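Next comes just one chain, in structure tokens: the form predicted alone.
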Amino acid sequence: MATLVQAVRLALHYGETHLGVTDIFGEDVGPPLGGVFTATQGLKTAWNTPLDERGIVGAAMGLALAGAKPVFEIQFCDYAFNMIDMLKVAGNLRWSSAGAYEMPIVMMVPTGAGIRGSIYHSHSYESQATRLAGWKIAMPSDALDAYGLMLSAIVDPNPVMVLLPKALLRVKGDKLIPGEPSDPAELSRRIDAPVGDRSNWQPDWPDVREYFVPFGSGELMREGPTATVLSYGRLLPVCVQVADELRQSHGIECDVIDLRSLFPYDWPMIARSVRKTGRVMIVNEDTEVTNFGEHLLRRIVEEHFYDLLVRPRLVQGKHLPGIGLNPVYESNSVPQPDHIRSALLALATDPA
């Protein structure tokens, strides 16, 4: 099974081979490194840029207006805060031109904590991203979804941001990408660049096939009548793990929904689950003030107030300027399994 980052690489290869991707670029994206997380190793259209995030997004916008179809990487989302104004312009363009000008750019960016990245490599970006009207925002939690969301991003005429959870990039999926070899070792031999001299290395791409995950389509990972858990990205697998534990230990069965895309998001799936359970908890690792989860909570309260049996919960990161390098600092800055477990148990047993 492919890892999440291998799935991204396979999607980009499919995109440049079959979907018209013309340029894949960013800091260290081209040879010899192929991206700091190896998402772009071996891609024929990948090239390196200067260390200039504003220049990268500006180049992508210019290429798109000239008829190209670029994908660009911002090496860490922590480096994307200095270009919010340009991202806003990219999101405005198709709307302000009444559809006369398309903006088919894809921005992929690693986000979140979990790799001991300290203050400059551990931010979350979804709250800033979802504030950018005109953009579609995706955040996969497994390899197959990463592949399908990336292909959907490539063919979309709007700007799309694919947020990649850093801590999940090396995690293997449990479902095969169409056309992927069933042996993970074979896949690695074929598409992972060797350590050391890569001057003569060429990937041997498997014949992967088309697979799209539509934006605005969530996935029900676990099902149960007791409570609704909404999450995405890095903490989605943790929510699934906690739900499985509580099912075994307390007989508590919950709906666990992977949003997969944050804008648009699957409101019909959310609404059905909230009406069914009457108890809802939203989990992410972004900081707690103006958190994207607060938007979901507000809408749930406004539209389903009389369906709720108890107050909804939001489990999120602490409102801190950054995350420390020390593991103790990081684990006390963003939600951990114990935090999610205690919050979900309290939600499930709160008297109605």
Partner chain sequence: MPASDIPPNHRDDEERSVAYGVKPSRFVESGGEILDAERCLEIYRLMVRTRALEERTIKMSKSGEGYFWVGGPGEEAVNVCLGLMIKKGQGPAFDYLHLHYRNAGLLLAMGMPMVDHMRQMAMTATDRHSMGRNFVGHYAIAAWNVVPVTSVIEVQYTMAIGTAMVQKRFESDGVSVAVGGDAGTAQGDFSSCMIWASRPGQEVPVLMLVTNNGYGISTPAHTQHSEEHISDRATPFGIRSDNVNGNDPVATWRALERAFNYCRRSRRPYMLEAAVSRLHGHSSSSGAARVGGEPDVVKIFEDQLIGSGILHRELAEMIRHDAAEEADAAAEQVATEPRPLPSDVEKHTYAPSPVDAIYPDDYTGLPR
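Predicted model, so just to flag it, every value in this text is computed and none were measured. Residue numbers count along the first chain shown, from 1.
Beyond the structure shown, there is the form predicted together with the partner chain, which is absent from this document and is the topic of what follows.
Each of Leu51, Ala100 and Phe263 is positioned with at least one heavy atom within 4.5 Å of the partner chain in the predicted complex. With a 4.5 Å cutoff on heavy atoms, Asp174 does not count as touching the partner chain in the predicted complex; it lies far away. Not displayed here, the partner chain is kept clear of Pro178 by more than 4.5 Å at the level of heavy atoms in the predicted complex.
In the predicted complex, at least one heavy atom of Asp156 sits within 4.5 Å of a heavy atom of the partner chain. Among residues of the shown chain, Ile119 is one whose heavy atoms approach the partner chain to within 4.5 Å in the predicted complex. Residues of just one listed stretch (178 to 186, 132 to 140, 244 to 252, 106 to 114) have heavy atoms within 4.5 Å of the partner chain in the predicted complex: 132 to 140. Listed residues Pro225, Pro206, Pro203, Gly216 were compared with the partner chain in the predicted complex; Gly216 is the one with a heavy atom within 4.5 Å.
Although the partner chain is not shown here, in the predicted complex the stretch 173 to 199 places no heavy atom of any residue within 4.5 Å of it.
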